[in-house]
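Here are two versions of the same chain, shown separately as structure tokens and labelled structure 1 and structure 2.
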Structure 1
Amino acid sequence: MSVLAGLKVVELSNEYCAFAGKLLGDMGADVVLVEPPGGDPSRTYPPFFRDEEDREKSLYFWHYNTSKRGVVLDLDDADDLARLKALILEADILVESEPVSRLSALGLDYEQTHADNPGLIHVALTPYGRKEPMSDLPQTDLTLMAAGGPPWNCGYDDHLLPPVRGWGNQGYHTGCHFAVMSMFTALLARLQTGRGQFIDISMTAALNVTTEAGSYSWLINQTTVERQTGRHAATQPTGETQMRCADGRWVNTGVPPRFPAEFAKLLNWMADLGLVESFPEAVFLEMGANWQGPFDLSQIGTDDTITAIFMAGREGLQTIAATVSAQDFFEGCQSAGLAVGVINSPEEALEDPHFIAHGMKVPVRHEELDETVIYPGAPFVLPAAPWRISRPAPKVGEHNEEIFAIYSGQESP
């Protein structure tokens, strides 16, 4: 059984919070997506299935709304508003990204709904928080990322080039992950108290605390981190980590050997490739393999022996990279316990054996199209909490009759 089976969630459709609802639905919650008449605007976002521009065929909407049932309600209509209130009355969680005063004007703010449903967990996911008027200003994933700070950390050593944003709605996703983690915490608290909570998520604040050392370096000692190609931003430049392999593809080596076992594996790898005799620094790799006690990285640049051993590890990796393909380099470093990544295109990443083994290609049947479509898999693997896409995204108003038939005295819209 899915870990969230039996949990009832009402989600007011908005691209800000769509991923949070998807995460809950794919983990087994019964998520009811409430769309306005005509459907959520994200139904018009490209790309479209088979390039057919149709509000029922947006791949964007499909991805973000798996495992949800869908209804259409006009919240400015008294009867539809009553139906929404009935849904919330029975819900465990309400997820929304409405303008600051919208729900209060409708009689659906937390103080109002909590009186009728004390166990309700109300999650508001907005650009700057529900009490901040700036949350009502137009925002995009790009502007949220810029305001939160992550792009400042991302880019190249050449600072004449501008920062680089993360793609794939990382701004929205970050806020949604914080929202879901907060929901889980509130659910645990409810087991003890029987009462729900109001969770006010600022997407900008969530992004700001994901800048690693960026924000804290400034807050603590007013130093600014600098962007670096393929490695962590830092207040002081670090060594380059990109290497070009024999097949012309690039890898990022991360951190070279630091422990005796790693130096030994690197030396053995070079021996297997017949590279030791042409690599004068092999003597330092051997010293690293036989090093006694801790290898103090803080002494790099100060202690000549430690510096020589450390640099020999990096140069050894460069020598191997120039000899083998990127994939062989990656697999060899993995075997040696070294953190390395191949720089793949999105298409290459999707076909990577590790991604496939992780379950990142999920077939989902679309009966209405008589087609099976491949979807991205779970962003995490929890063996004790099965994850699955239980259904494709709903059509506009697909479940109105099914859901509202349960309310006696109310006809389906």
Structure 2
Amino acid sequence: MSVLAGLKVVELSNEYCAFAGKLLGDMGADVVLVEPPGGDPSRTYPPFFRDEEDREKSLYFWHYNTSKRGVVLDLDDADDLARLKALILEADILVESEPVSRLSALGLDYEQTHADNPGLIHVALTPYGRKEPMSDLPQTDLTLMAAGGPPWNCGYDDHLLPPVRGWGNQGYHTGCHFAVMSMFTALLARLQTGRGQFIDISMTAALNVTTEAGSYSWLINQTTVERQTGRHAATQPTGETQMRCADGRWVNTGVPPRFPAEFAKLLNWMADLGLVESFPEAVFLEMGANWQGPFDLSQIGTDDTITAIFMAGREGLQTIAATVSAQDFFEGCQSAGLAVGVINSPEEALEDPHFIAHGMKVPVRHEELDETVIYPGAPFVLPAAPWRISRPAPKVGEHNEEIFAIYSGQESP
């Protein structure tokens, strides 16, 4: 049984909260996506299935709306609004990102939903939280991210280049992660009390607490981190950690060797590759490998020997990188106990043996196209409560009849 089997979720379509609905749907909840006439605007977002621009073929919409049923309701129409209210009356969870004014005009603010359905967990995911009027201003992932902090941390050593907003609507994702954590927390509370509650999530606040040292350096001693190429923003400049390998692809070297065993393995690897003779600093690697007692990293820069050994470690990695492919560098370093990563594009990752072994390619049947499409798999799996994409994203109004026959008193055809 899926972990959320039997749970009824109503989601008012909005790109801010779509991912939360998908996460719940893939964990087994019965998510009903309520779209406006013509469908949600995100149906027009590229990319499209075989580049065929069509509101039923947006791969963006497909991804964020798996495992949901879909209805179209015109909330400015009294009958349709009544249908929505009937849905909410039966629901365990309402997820929405509506402007405050819109919600109260519809009679759907929490006072009302709670009065009608005391067990309801009403989740509002908005730019600044439900009480802040700025939440009703138009925003995109980019502007939310800029306000919330991540881009300040992200970019290049060259500060003439702009800060970078990480790719792929991660600002929306971060808000949705907190939405799902909140829903589970409220579900567990409801098991004890029988009562639902209102959950007010601020997307910019979610980003504000998702910047690691960016926030805590300021909170602790009012220092400001500065962005650096391919590594953590920091209050003081740190050494580079990205290297380009012989095949032109990049790796992140993480923390360079700092333990004797790591220097020993690095030296052996260089010997295997026949690189030791042309690497004069090999002598320092050997000293590192034979180091007795603690290797005091705080002496880097002051103690000449320790500095030379540490630098030789970094240069040794560079020498190897110039000789081997990024994938070989990754696997070789990891075999030497160094936490190094190959920098994959998303599709390179999807084709990587690790992700294939973890079942991250999930086939989903699209009957209407007579096609099977590969989707990314589960972020995590509960072995006793399987994760599953139970259906592809709904077509516009696909489930109106199925869902509303019972409310309108009409028989389903």
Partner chain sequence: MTGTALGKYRICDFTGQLAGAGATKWLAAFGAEVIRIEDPTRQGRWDILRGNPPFKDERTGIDMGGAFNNHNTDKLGITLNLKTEKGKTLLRELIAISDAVTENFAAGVLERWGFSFDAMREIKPDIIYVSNCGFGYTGPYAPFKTWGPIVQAVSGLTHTSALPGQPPAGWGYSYMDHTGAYYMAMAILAALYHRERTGEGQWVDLACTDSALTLNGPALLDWTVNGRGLTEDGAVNANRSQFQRMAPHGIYPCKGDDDWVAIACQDDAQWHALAMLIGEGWTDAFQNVEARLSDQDVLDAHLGAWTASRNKFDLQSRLRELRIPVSAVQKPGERIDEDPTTEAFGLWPEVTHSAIGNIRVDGQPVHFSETDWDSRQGAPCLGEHTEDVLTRLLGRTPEDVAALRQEGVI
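Just so we're on the same page, residue numbers count up from 1 along structure 1's sequence. If you're wondering where the values come from, they're calculated on a predicted model, not measured in any experiment. What we label the rigid core is the largest C-alpha set whose atoms superpose within 1.5 Å from one form to the other.
By the stated condition, namely the form predicted alone, the first structure is the one that fits. E111: CA moves less than 2 Å between the two structures after rigid-core fitting. Core-superposed comparison between the two structures: the CA of Y172 stays below a 2 Å shift. Residue displacement note: T224 has its CA displaced by under 2 Å between the two structures (rigid core superposed). Once the two forms are overlaid on the core, G337 shows a Cα shift of 3.8 Å between the two structures.
For T305, the CA shift between the two structures after superposing the rigid core equals 6.9 Å.
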